[in-house]
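In the block that follows, a single chain appears as structure tokens, in the form predicted on its own.
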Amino acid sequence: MSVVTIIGAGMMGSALAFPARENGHEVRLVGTHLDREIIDECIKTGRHPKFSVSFPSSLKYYQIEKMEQAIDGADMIIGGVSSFGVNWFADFVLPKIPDTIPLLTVTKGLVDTADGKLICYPDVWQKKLDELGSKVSINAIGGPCTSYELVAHDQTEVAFCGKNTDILRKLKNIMTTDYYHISLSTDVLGIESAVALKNGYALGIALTVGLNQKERGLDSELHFNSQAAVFGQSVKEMKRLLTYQGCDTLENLVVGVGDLYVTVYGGRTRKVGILLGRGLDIDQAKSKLNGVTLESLVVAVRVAKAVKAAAQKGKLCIKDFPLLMHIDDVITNKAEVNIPWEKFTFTV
């Protein structure tokens, strides 16, 4: 039996308690300073307030003040914070992890640099570890997996990525179940870029749902031609960005496109995209979704900034990213949604 400590009681981090505990491991769920009510509810009922079923028996729950106690003796740590908690995790959690305990993070996102590069969160955290002189192994999860379906034991395939194959195999052995299937990759930037990019593009696909509702009514049937057209353009632009990143595009693209597929069909990104498509501006859409974290907005704007910077240096062409540029215009400049359909076409 291993000891798995999860830091961050959000939905995805908490969902990973299911395969870990069902494999017979001791699981310790630690809430951040923002998760106090969630942990209180878990202690009281044995159930996450956002889940429809209870946790497996014998989970242990900790408020943030007892995090070091929860880390002591762990065989792995799962980082379960959202992208808005990246800096907090770096400053508060990383310094407290012993070198011998590998970290597996679910946090998705990219940071743009002034020269047009995109850096994934594991690399951001690696810089912090280097400053600390820490040897903690950072690994990450990517792929099509919604938390509520993982809790429901829907068949799920993801990828664990990291630099050390022995550690990756150890993490896979701890977490694999008959419904949670894990591929392994040492291309951290490739996997993490692919699954981060999908957030911005899923928002673009959701715009079409809102546009159809605006034209035909909120109760109108779904239209799939328009969704498929934007989905296809999303895949093209994601591939171009992965190539620009210098990544192995085939396997990474498969992981990213699968993640794009599930994100289009549910969750926060779909909601905000539909609202924008209906005609709300970004401030109005945020107001409608008060309290909901919108990581897709951050990713889309950062990637667009990187593309513009790279284009100025002659490394990319803006015309190759018409969908991304339009999404950025809608978010940044409150432009009206007017998807540039003809720019998606190609010719001989």
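Owing to the predicted nature of the structure, the values given are computational and were not obtained by experimental measurement. Just count from 1 along the sequence shown to find any residue number.
Same protein, other form: the form predicted in complex with another copy of the chain, not shown, and the subject of what follows.
Run the contact test on L150, K236 and R240 with a 4.5 Å heavy atom cut-off to another copy of the chain in the predicted bound form and return yes or no.
All three within 4.5 Å in the predicted bound form.
My question is simply whether N87 lines the interface with another copy of the chain in the predicted bound form - judged by any non-hydrogen atom within 4.5 Å.
Contact check for N87: no, nothing within 4.5 Å of another copy of the chain in the predicted bound form.
Check P102 for me: does it contact another copy of the chain in the predicted bound form (non-hydrogen atoms, 4.5 angstroms)?
No.
Would you please decide whether G232 lies within 4.5 angstroms of another copy of the chain in the predicted bound form, comparing each non-hydrogen atom pair?
Flag for G232 set to yes.
My question is simply whether L222 lines the interface with another copy of the chain in the predicted bound form - judged by any non-hydrogen atom within 4.5 Å.
Yes, L222 is a contact residue.
Okay, which stretch from 248-256, 78-86, 111-119, 125-133 lines another copy of the chain in the predicted bound form, with non-hydrogen atoms inside 4.5 Å?
Comparing against another copy of the chain in the predicted bound form, the contact stretch is 248-256.
Since exactly one of I205, I138, V106, L276 fits, which has a heavy atom within 4.5 Å of another copy of the chain in the predicted bound form?
Residue within 4.5 Å of the partner: I205.
Just to confirm, with a 4.5 Å cut-off on non-hydrogen atoms, which of V264, L171, I97, V272 contacts another copy of the chain in the predicted bound form?
Spelling it out, the residue with a heavy atom inside the cut-off is V264.
Along 143-166, which positions have a non-hydrogen atom within 4.5 Å of another copy of the chain in the predicted bound form?
The stretch 143-166, when checked against another copy of the chain in the predicted bound form, contributes P144, C145, T146, E149, L150, A152, H153, D154, Q155, T156, E157, A159, T165 at the 4.5 Å heavy-atom cut-off.
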